[in-house]
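As structure tokens, one chain now follows by itself in the form predicted on its own.
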Amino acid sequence: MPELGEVDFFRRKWDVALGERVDRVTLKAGARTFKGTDLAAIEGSLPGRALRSSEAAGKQMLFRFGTDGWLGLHLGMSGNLGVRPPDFKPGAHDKLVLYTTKHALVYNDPRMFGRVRFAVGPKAPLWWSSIAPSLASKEFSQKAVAAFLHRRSRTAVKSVLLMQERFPGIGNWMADEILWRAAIHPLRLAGSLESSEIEALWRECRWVARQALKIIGVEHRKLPATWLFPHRWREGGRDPRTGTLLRREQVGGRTTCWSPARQKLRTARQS
């Protein structure tokens, strides 16, 4: 599933059409991608409006058209955004295409786990404004993270990191990366973490998020070999810091990778 950096990378693709007016819209009516969305509003309101701005928050994107048109996109498991010539013909998985005189802005959602939302109004809709604060914001404080962990004290910390209401944009690989850097076992209960471990977790959340946005979102480069990511799915993959074999198991229904040499499973009493 696209995470923080990947989402921002795809969001930037449509920026090529900033300032261009939408001439027409094609969409796949009936696709569950549009569940709860007024298709007639999209088809009737977007033509004639210019793409004014775009931004990403967590795993979601927002495109503003004109002064009061708000298009929200979620990529789901395997969605993506692309830019094609204005004579582009939509394929089977192209759920939404916005045509300008120069471009076709394509939203592709093969597995239909994504989401399209649309609203018209002077302010950003609630489904956008209610997204949790960015990991790089002042609101994402060590104190706020500690309180969230405390409220979910009986839940494995790997599962807690995937909760978008506090950790927007973090998905499976980012959670593994953060825990590896913080030297915390993914099965540790959130309530068992000491204050020093919470500080490390908070710090690595911010660092990994910022670097992912820079390396993937802006520069579109592969993550360095010094990260866990390039080794986590490799057969016989090794911890880039200790050289020991990595381990993979299911945690909360998600395949999780960690380093037994670096991430010890300890109880609160043993910590």
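Here the structure is a predicted model, which means the values were calculated and not measured. So that there is no doubt, residue numbering starts at 1 and follows the sequence shown.
If you look for the form predicted together with the DNA, you will not find it shown, but the lines that follow are about it.
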State yes or no: in the model of the complex, is some non-hydrogen atom of residue 151 no more than 4.5 angstroms from a non-hydrogen atom of the DNA? yes
Does residue 103 reach the DNA in the model of the complex, with heavy atoms at most 4.5 Å apart? no
_Is residue 88 part of the interface with the DNA in the model of the complex - any heavy atom within 4.5 Å?_
no
Please determine whether residue 186 contacts the DNA in the model of the complex, using a 4.5 Å cut-off between heavy atoms. no
For this chain shown on its own, do 59, 77 and 155 all sit within 4.5 Å of the DNA in the model of the complex, going by heavy atoms? yes
Within 4.5 Å of the DNA in the model of the complex by heavy atoms, the stretch out of 31-39, 207-215, 44-52, 238-246 is 31-39
Answer key, the DNA contact in the model of the complex at 4.5 Å (heavy atoms) among 83, 112, 120, 200: the residue is 112
Applying a 4.5 angstroms cut-off on non-hydrogen atoms, the residues of 237-266 near the DNA in the model of the complex are 250, 254, 255
